[in-house]
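There is one chain below, alone, in structure tokens, taken in the form predicted on its own.
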Amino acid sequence: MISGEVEASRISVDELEDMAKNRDVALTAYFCRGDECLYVWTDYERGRTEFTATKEFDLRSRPLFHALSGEMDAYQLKCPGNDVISLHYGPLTTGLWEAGAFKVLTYGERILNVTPDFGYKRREVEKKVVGRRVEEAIFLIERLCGTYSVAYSNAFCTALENGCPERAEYIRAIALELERLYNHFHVIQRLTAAASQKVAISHFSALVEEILRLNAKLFHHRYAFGLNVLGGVRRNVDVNIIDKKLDAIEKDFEELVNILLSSRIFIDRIHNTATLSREDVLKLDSIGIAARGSGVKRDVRTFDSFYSNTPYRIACERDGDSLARTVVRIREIRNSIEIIRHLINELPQTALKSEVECNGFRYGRVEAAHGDVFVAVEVKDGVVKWIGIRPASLVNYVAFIHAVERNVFTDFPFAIESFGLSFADSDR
């Protein structure tokens, strides 16, 4: 849970181009604000976030810029000949888990190019938030993508706070790690479904349901809606409920993983599928699981002082394929269980909420299950004057586009599921 004041350096177009050439610094976000363009950069090695501003300018030297500026068609190849077939897959069809579509170019069995077609989930959350009091804004922010509600509400709240009571911070972290667990379980369940592993599908679905039921008992909502409020959390938690459930969930998970990783059929489908190299990650500014599966340590928890006092360990693999991303998820599930156990054993006895004066231009970012979510918000007298949101899925769709090229059609579900992407998260 990282936050701070937005202090943008005004730079020239030439200085911006020079900055864009440095692949060690990731392009994190791009927003239009008034008559200026706001660029956000992250040095993941040093844990630094930097803002730069210019007059209107298109930073096309960084491939991610197209996605951040809403130009997804820029990734679509033009048909190179009459033997190329152009398909529109979706928005409602077998294999797609939500309303969204893909534009596909193919010679037949092999994929030449895939571009996500957004717009079917567009709700214009940012526009609807502007002009509302922050208390109302949280209600919309946490519904931007329900499966990441804790991450988004955390990012929004921490952006406007200068800290909150320790107990509230621990409860927020517990909720965030539970959210990470059910999202990782869900991704593995989707991968097993793509491989027709019927028993594994049922068992991983059951693990997802166990976490959601645990959420309902702890936070009075399956997706923890309403938990985070400005200055802390709305309600206390019964840690005894968590402790008992975690033991059973961990036992079932380990048994399932042993069975799954011993299945040659399953491993063959995800090994060497949709490979993303380390160089690809740096070029495409990939984040989260996509980056860590290719050996690039991008996780904002590494420079969060709160997590430095927990058993958190960054999980990385080097092969960059769907198998590597799956192994990262498995390692993170184990680590999240460790973190939650530590948090419930060390839960401080403090207040749940403190008063907050809402003024200024600030940012917040949180490592969600699929990558870090970023929120920049300007508030005056408790009313949102401007807000910019950068979802993790939007960034990693660019990585998916690159990784899935030259794979065959039967590999498509294993590729897309391994990235854990969401149309609703990207469309907002």
Partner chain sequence: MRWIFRGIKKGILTTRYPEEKPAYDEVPEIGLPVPDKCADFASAESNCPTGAIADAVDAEKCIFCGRCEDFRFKRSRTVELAEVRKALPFSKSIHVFVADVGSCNACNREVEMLNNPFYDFHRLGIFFTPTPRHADVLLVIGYPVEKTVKALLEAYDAMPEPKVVVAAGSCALSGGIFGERGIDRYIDVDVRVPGCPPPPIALLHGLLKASGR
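Numbering follows the first chain given and starts at 1. Predicted model only: the values in this text are computed from it and were never measured.
One more form of this protein exists, namely the form predicted in complex with the partner chain; it is left out here, but the text below deals with it.
Between the partner chain and the residues Cys358, Val125, Ile330, Val239, the one pair within 4.5 Å by heavy atoms in the model of the complex involves Val125. Checked against the partner chain in the model of the complex, the residues Ala206, Val130, Ile265, Ala351 give one hit for a heavy atom within 4.5 Å, which is Ala206.
Only one segment in the set 330-338, 108-116, 192-200, 165-173 has residues whose heavy atoms sit within 4.5 Å of the partner chain in the model of the complex; it is 192-200. Put simply, Ala424 is close to the partner chain in the model of the complex: some heavy atom of it is within 4.5 Å.
The partner chain in the model of the complex is not approached by Ala315, whose heavy atoms all lie more than 4.5 angstroms from it. Put simply, Thr147 is close to the partner chain in the model of the complex: some heavy atom of it is within 4.5 Å. Mapping the unseen interface onto this chain, Tyr120 counts among the residues with a heavy atom inside 4.5 Å of the partner chain in the model of the complex. Residues of 213-235 that come within 4.5 Å of the partner chain in the model of the complex, judged by any heavy atom, are Arg213, Ala216, Lys217, His220, His221, Arg222, Tyr223, Phe225, Gly226, Arg234, Arg235 in sequence order.
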